[in-house]
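Laid out below as structure tokens are two forms of one and the same protein chain, each shown alone and named structure 1 and structure 2.
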Structure 1
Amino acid sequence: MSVKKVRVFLKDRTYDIVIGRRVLKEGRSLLRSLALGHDAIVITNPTLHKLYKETIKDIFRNCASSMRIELVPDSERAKSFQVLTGLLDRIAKFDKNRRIFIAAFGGGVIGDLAGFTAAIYKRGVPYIQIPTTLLAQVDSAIGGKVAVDLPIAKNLAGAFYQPRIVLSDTSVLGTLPDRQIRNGLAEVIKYAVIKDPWLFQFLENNRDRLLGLDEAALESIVYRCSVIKAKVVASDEFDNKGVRVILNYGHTIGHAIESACGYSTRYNHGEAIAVGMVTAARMALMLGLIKRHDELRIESLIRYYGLPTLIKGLKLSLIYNAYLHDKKFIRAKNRLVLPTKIGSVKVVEGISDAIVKRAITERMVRGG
């Protein structure tokens, strides 16, 4: 079995991302060495529980005295205060003379919810990430940003809280539906645009392998993205030095689209980010920051992977209102990550409302 480790260097919060096929078979020994606690709270959803019930039991059988599985909704609906408070109540009732730790077994939604729960319960208990989607393995499980949504905008209630380990078993990706694979590939494209021309070319040349779930190709992109994110997070853990913000390429407009459609399945996260990336590239072109060739190359790659580049069925007013609540605004000015070439981006503040609205409008399907 090929196993790779990427270390996220954060002083006393340093941890490893362990990547490879069937990594979960080694999970027990890895977790025992961390001395997380005696009692595991595993947060997952009904679909994953049905698929991996025995795997979950096997992981925690010898590294925890007891285990409790908490099932939450299988969608963005799980990231609500209603779900959060119910989860906290059940954990508190279970937690009698125990030393608990929390495990997120799922995609980005479960990782965000479980991490936020761990951050605020008893002012912080240990937690681990076991990401089961491509999007979570390349992005959301790494870096310690945890949150729940408010009705008005996404991830407005959150914290920075690092996991103790991330176990990225690429063999579980074989159970994902096609839409979920494409969803994760949107984040991979993001990493390629902001930091890695080699990765961009790899994506251009290996579509059939990746969409065909070739394990070696998937392992390669999970590792490459993990290395990039680990370095960015290590240099700007709390997103206050102007470094980590580059990871938000495509997310300002993407999150607004998710909010505007009520976090429905019309646009999942990766699809919304895909549209957000081409919108940001168009803003960059309007501002003279990127050449037309590179803007078209970004849009072509996104379309090449079957991801949307247009907004359908949403009003500009709804998207723009959600955009105004974006967390990345600073000193009442917008702050967007715009590409300057493949592998490089620039953080730009104070872009005019006219340019933002025009860029969004150009992505909208009339009467769609």
Structure 2
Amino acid sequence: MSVKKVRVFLKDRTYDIVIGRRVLKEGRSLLRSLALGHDAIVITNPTLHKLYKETIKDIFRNCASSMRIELVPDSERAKSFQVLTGLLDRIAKFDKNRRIFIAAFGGGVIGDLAGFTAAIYKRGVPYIQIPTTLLAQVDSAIGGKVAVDLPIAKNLAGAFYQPRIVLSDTSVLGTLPDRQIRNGLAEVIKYAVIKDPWLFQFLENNRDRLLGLDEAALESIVYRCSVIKAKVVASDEFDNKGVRVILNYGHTIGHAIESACGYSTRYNHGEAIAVGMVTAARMALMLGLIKRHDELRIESLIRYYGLPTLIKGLKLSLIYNAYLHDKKFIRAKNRLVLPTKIGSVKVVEGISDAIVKRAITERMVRGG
């Protein structure tokens, strides 16, 4: 099997990310060797079930004595307490004298929900991640942050709970809508800016292959990003050592944009952080932290992938208030991740409101 493995080193919670084009076809032996349990509960949604019912059956045919599929609604709606409690109830009814394990088959929504379910059911049962979106393969399936949303904010009820393995099969990305591919590519650009000049150049040189879903090209980027995320997570599993924060590049302003448009489909997460990354690069330029040439390269790459670099149809006050709320919520002083060159960032605290406001204003489309 032609696969690449990346290990996430976390003492007794160490696990592998297995990346390749035939991972799901060949993954059964990997799962058997992990001895996860006898009874698999696969959490997925109707969209994925329709596309991959047979694939799911195949994966678990020989590595579990029984398999039960749990369908939850498509999209962010699934990350709610209502869906979670329904799921826990059905799992508890099924789990009479069984040894169950949970499998997340889906994007970040399914991964976060299934992981949180696994974390709290009987104080923790084993679970595995089978990410099916680019965003989930490069980001959400790795690192053990699992959560559901509360009405007041996203991801507010959660835990750190690591999967036993992550199976990233790049062939499932073939059915992903184009907008979802670009959504994930925004996170890939993030990794390139914060840690990987080689990846940045690869993105500059391989746009058509990537947007055309060339499997070898997708495999390369999923691998590079997994290596970076695995390292960052291994040095800061619980996000309390100031290492994991660099993954937030573009996210402070990005979250403010998502929140200002009420998490509607106007800006998906990748689109919002695309603008956030350009805005943070501009702040870095204003503070003399980055050269104009590198700042331009970041903006050009984001635009080259058809991701937005400007904010349309939103008022500055809405975005700014959302940003302030976020700022207050975390700590009194703001804390932004700013690029210093391609492949390197700096965490900067206490940036003046004037600079933040000016950088956002420059991104606004007048009358938009």
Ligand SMILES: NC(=O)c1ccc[n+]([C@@H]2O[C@H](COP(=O)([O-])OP(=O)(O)OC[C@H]3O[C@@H](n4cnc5c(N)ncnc54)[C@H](O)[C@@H]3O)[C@@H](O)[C@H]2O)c1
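Just so you know, these numbers come straight off a predicted model, no measurement behind them. All residue numbers here refer to structure 1's sequence, counted from 1. Rigid core: the largest C-alpha set superposing within 1.5 Å between the two forms.
Where the criterion is the form predicted on its own, structure 1 meets it and its counterpart does not. The Cα shift for residue 71 between the two structures, taken after rigid core superposition, is smaller than 2 angstroms. Core-superposed comparison between the two structures: the Cα of residue 16 travels less than 2 Å. Superposition of the core reveals a Cα shift of 2 Å or more for residue 318 between the two structures. Core-superposed comparison between the two structures: residue 355 shows a Cα shift of 4.3 Å.
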